[in-house]
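What follows is a single chain, given as structure tokens, in the form predicted on its own.
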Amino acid sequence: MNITYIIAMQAEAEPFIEHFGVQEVPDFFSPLPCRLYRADIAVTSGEPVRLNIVCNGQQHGSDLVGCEAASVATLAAIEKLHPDIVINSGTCGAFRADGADIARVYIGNSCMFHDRRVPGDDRWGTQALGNYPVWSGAETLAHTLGLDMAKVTTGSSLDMQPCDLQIIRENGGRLKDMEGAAVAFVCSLMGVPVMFVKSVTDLCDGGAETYEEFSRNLSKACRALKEVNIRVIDYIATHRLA
């Protein structure tokens, strides 16, 4: 079983990397900045797992976040690693009004873009929003592991404009990130199942400044991600992918 994670920030991946003791494969994606960490791991039951953790990498001294970097990393990972499933794991914003809490972890039940405003007929609008499906086993996984599901919406900015919020709410979005739909877009083109594991760093309707709240809660949210991802890997290794 080949499970490949796409993770934007090194801080989001580090607890995961340390837990499994995965080793970096230097320059695997060169000249791209993406970084690969790989290990073969045993699980409670089921087939062994080839675990690939792909980080977007850095440029100008900072992690490459956002849709462009996620698209590049996902395409490169699929072409070179041939995963059975791609998992986009990372942090997100959420809404207190929906019952969200800091470091609460969700499984995505679908994914869309919230800031691609393309006028025109339904075909243009459908393409702009995306509304990509997730791996068919995600709902059963979430139920078995006792995790809530929510729709992931993706934009290229950390902040949220009123028009973004309108699109999110009109389309049932509950989680706001900067990579998910880009990962799902590439997976849809390449025919690879995708799922999302997202941990809340900031509350979009909580009144706090987004970057400060994100920075304050990043470490806590990433530790929660690690604990859930350990269980996710064990689950997927013991169940066939539909």
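Heads up: residue numbers just count along the shown sequence, starting at 1. This structure is a prediction, so every number in the text was calculated from the model and none was measured.
Note that the form predicted together with ligand ADE isn't included here; everything after this is about it.
Practice item. Go through 154-162, 129-137, 95-103, 79-87 and give me the stretch that gets within 4.5 Å of ligand ADE in the model of the complex, heavy atoms only. Key: Single hit among the candidates: 154-162.
**Study point:** Met178, heavy atom within 4.5 angstroms of ligand ADE in the model of the complex
**Key:** Taking the distances in the model of the complex, the answer for Met178 is yes, it comes within 4.5 Å of ligand ADE.
Check your understanding: Looking at the partner-bound form in the model of the complex, is Asn56 within 4.5 Å of ligand ADE by any heavy atom?
Key -> Answer no; every heavy atom of Asn56 is more than 4.5 Å from ligand ADE in the model of the complex.
Review point. Would Asn217 show up as a contact with ligand ADE in the model of the complex if we use heavy atoms at 4.5 Å?
Key: Asn217 lies outside the contact set for ligand ADE.
Check your understanding: How about Thr201: is it within 4.5 Å of ligand ADE in the model of the complex, going by heavy atoms?
Key -> Thr201: yes, in contact with ligand ADE in the model of the complex.
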